[in-house]
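Single chain ahead, by itself, as structure tokens, in the form predicted on its own.
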């Protein structure tokens, strides 16, 4: 019995070491791809600056529109103007987190499959979905939106009557959970590309998924509440983190948000794996 216990402990130790080595390896790969893609972005600096300025302008327009709406109403589904500003800012932060991890890679997935270059992702000693994500990391795609997002979140947070320092790390935690939801949803949608090849329409779905998450999930009722929480989780992606800072988060909604995040990530990875098995490569 003692020998069995020791062998189990040793096996657990080595498994932990292997996990740490894998994390360290992927972290190193991420840094290498990040710097390489940043160099490519900075080759066309005028384009880089234009994208940032346009993002800032678009977010500013959204804030102005919300300001006009709140000129006629006191709240939207119980959300005040400053709370809604946090919601808008959160969308920008989550979107930039996505572009810094996986989003741009999925935008180009259909082209890789159509031209056969996806074969290179299949033969490298790195998971295809991670290689696809890291290969196309983009800082410029949503940087301006992220900058405005941080400003809006801080602005809205400082105008709230009640807040605590604990809400800040919890906000970061639920941002990561929202990224899991976004990644899982993107995996599910883009897995269809292995059958339909062209992915433009699919990525339009993902785009509007984020755009509609600017509105608080509390506006949904009945069947809509279930649909946009568990099936198309736009009622969680930005509402959950924003609810932390605004003091609207209850334990029930927090638990549901975490469950949805883990479920979408797990389901997305499973469906992606099955879709990879369907891929026949450029040679057929």
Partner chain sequence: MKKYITLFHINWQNSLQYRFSLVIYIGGYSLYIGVLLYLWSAIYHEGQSVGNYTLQQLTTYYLLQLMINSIIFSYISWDVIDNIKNGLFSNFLTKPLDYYLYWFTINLSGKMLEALFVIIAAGGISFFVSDYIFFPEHLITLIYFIIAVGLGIVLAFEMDFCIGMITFWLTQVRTFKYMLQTLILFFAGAMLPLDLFPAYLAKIAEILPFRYLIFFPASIYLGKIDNPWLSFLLLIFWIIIFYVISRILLARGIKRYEAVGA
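Residue numbers count along the first chain shown, from 1. All values reported here derive from a predicted model rather than from experimental measurement.
Omitted here: the form predicted in complex with its partner chain. The next part is about that form.
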For this session: Would you check whether its partner chain, in the predicted complex, lies within 4.5 angstroms of a non-hydrogen atom from each of 58, 77 and 204?
Result: yes
Exercise. Can you say which of 139-147, 67-75, 171-179, 91-99 gets within 4.5 Å of its partner chain in the predicted complex, counting heavy atoms only?
Worked result: 67-75
For this session: Find out whether any non-hydrogen atom of residue 259 is located within 4.5 angstroms of its partner chain in the predicted complex, and reply yes or no.
Result: no
Exercise. Does the 4.5 Å heavy atom contact test between residue 255 and its partner chain in the predicted complex come out positive?
Worked result: no
For this session: Would you check, heavy atoms only and a 4.5 Å threshold, whether residue 54 touches its partner chain in the predicted complex?
Result: yes
For this session: Check whether residue 220 has any heavy atom within 4.5 Å of a heavy atom of its partner chain in the predicted complex, and answer yes or no.
Result: yes
